[in-house]
Structure formats: structure tokens, C-alpha cells
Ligand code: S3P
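The data below hold one chain only, encoded as C-alpha cells and taken in the form predicted on its own.
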């Protein structure tokens, strides 16, 4: 088990991050969506993390030809996706497993999706049940709720599905299925979740639109889509760790360069701004996604905040945001966030366990928690194999010093995290 120690850093820093990890959500989708074209897709700045490389490897196993030059890759799809001769390993990625389930449900053949021990414990019924309802043949442990999942792909029926879960993964899986259905399909969620799938597929020529009542209309594909030609922007979720470091370290500043400014991806920065940090957004281009820089600077002690709206837009950033809450004036509250329970770890439990170890008072609820602002103390933290828990408490270590156990999980999403953190403080 890999362990690392973060040294307390009390001096101001000025950090320009031009090498934040490429966006994981977009990288996953590039690997998969390229299979819907009949021409070669060109993707620059693909995330070379374990999870996204798993999605790329699965594309190869399905018959695609992949050439890599560092983080720049080309993907040439086969004339017809082929039945693989081995199981398809998604690593630690719920995005990979759930989206591939939607894609493969409509492809003739037999497929088995698996992952690491953490992914094999995450719920898959949220996609398996609605996919079965439209004709997909999916099974697995606990009646298809737990991987390995077996999929016998084939003909899919059109659908009208009002999802009980606001989840980009569920939505994307159903959109991919809808593109292969016999007639137009309709999907709705209560709150718009991350919309990379809709944006990217529309950019490739798919007919996907949203009506005035919030129903997403998905037209079946009549021909292959146009290939992707995209530079993957930096990941705002990854950059947010350094935003928090700047917001809690006096007289410090960070600039996160070339990041997606998609409104569904920067909500956590908006909350940090509400808590008192100075934050500005500078858009530079807008093709598949709005892209630009985010500037964050310290503006005095933060104030407590209640987070209860747009939860689907900041669910991944809540662990890091909780570090800011831990040093803010007053009691911060997180509500309507039961989805945290089924991430790479039960993030409500693991966040609060970590904060308690740092002498921060917390109160746990079924769908959230309360954090009483105070002063973080040095502690030893167990990440439970969750990359966002490990990185969040590494940022806390800038404030108070920290030892973190089981950090190999960081390689799944942000391989150069500690390289960037080393510009702020000493790491052992």
C-alpha cells in the first residue's frame, strides 16, 4: 500500500497550472463515441489515467485501431464492432462501465464488463433496469446490480424514461441506447446533469434536442456519425483541488489554464466564490465545450455555506469543498447528496471520518452532512481506494500536514497530481 506525507506549508504561493489533468469525463466519451463513426477520430490531450486507458483498451478489443503519440491519439473504428474474445475491464471507472453498458446493449454479440474490487461493489441497476425495459439482455451478481455484467447485445426498443436519478452516467447510457433503438426515444431528469454527452454527440451530427418541458429527444442513427476532432480541455474537477488550496492559504493564488467552463462543471467554483474566495472565469473558445482559464485567489477567511441545489453539478468536488468548509467560519451544510453514498467509496462516511480524524466536528445525515468550521489538525487518513478522498486530504495537508494511506488510486484520474502539489509544499 502506497503512503505519502504532505508537509504543512504556511507561506503564500502563486501557482499557474497549465498541466492539470485532461478532463476524465470527456476522455472516456472520446474513446467510446469514436466507435459511432466510420472515419478516424483525432483526439489531442487524452487523459492517460488508468480508467480512461481502460476505456481506450475496450475500444481496441471491440475492433478499433488506436495509435498513440503521447497524449495525442487517433481511433479508427472497424466496419462492424466485433465480439471480443476476452472480458472487458473498466478498471475503477463507473463512467466506463455504465456508458459501455448502454452502447453494447444495442450491438450484436456477447460482452462481459468487469472492474476492480471497488467498481464491482457499485450499483449498476440504475442502468441495467431501464436498459432491460427496452429489450437489453443484461445480467450480473444480485440480479444485474453488481459487476461482472454480462450483456447479450441486440435489438432495442424506443423509450420514454423519466429518470429517478439525476446522473450523467445514466443519461449517457440511455442516450447511447436510444441512438440504436427502433424509433425516437425520450429521456428526462429532474435537474440537468453534466451534458458532455449531448454536446459531443450533437457536434458529431447526432440529432439530440431538448424540448421546453425538459425531455431529451434522441433520434436513432440513420448513418455513422462524423469523427471527433477535439483537444480535451483540462478537468475543472481536478483543478478544483488547487482552487481550494488557494482559497485557504493566505495571500495565495492559482490560475487553472485551458479548462472546460461548461456551466454543469464549474458549480463548485461558484460555491467557493460564495464562501468568499476571489474567482474569475475567462472564456477563450467554444466549439464542443466552452474553454478558458479560472483564476482563484485568497480573500480572507471563508464563510460557511449551505449546499443543496445543483448537486449533480458538483458531486465529485464535494470532498474537496468539505476541506474548505472545515476551516470556514460557522457550520456548513450539504443536503440532497445521497449519491455520494455510491461513489468510489461512501463519500459521506469517508469524508466525515477523515475530518473527525483532523479534529473537525461533523454531523452525518442520510443525504449529506454538516461541518463545523475550526482548524484542521494533522492526521493519518485512509483513502479507501477513492482518489478524490486521497487528493482532498492531501490539500488539507497544505494547511496542517497529513499522512495518507492507499494513494495508488490517484493514478486513475490525475497521474501528475503530486507533481503539481510539489510546487506548493514538500512531499515525502
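Not measured: the values here are computed from a predicted model. Residue numbers count along the first chain shown, from 1.
If you look for the form predicted in complex with this ligand, you will not find it shown, but the lines that follow are about it.
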- [ ] Heavy atoms, 4.5 Å, this ligand in the predicted bound form: which of 203-211, 174-182, 91-99, 330-338 makes the cut? Say which one.
- [x] 91-99
Open item on the list: Is it the case that residue 293, even though its partner is missing from this view, gets within 4.5 Å of this ligand in the predicted bound form, heavy atoms only?
Closed with: no
Open item on the list: Check residue 25 for me: does it contact this ligand in the predicted bound form (non-hydrogen atoms, 4.5 angstroms)?
Closed with: yes
- [ ] Answer yes if any heavy atom of residue 126 is within 4.5 Å of a heavy atom of this ligand in the predicted bound form; otherwise answer no.
- [x] yes
Open item on the list: Is it the case that residue 167, even though its partner is missing from this view, gets within 4.5 Å of this ligand in the predicted bound form, heavy atoms only?
Closed with: yes
TODO: Could you work out which of 253, 343, 120, 199 is the residue within 4.5 angstroms of this ligand in the predicted bound form, going by heavy atoms?
DONE: 343
Task: Selected contact from 221, 134, 147, 315, since only one has a non-hydrogen atom within 4.5 angstroms of this ligand in the predicted bound form - done: 315
- [ ] Residue by residue through 218-238, tell me which have a non-hydrogen atom within 4.5 angstroms of this ligand in the predicted bound form.
- [x] none
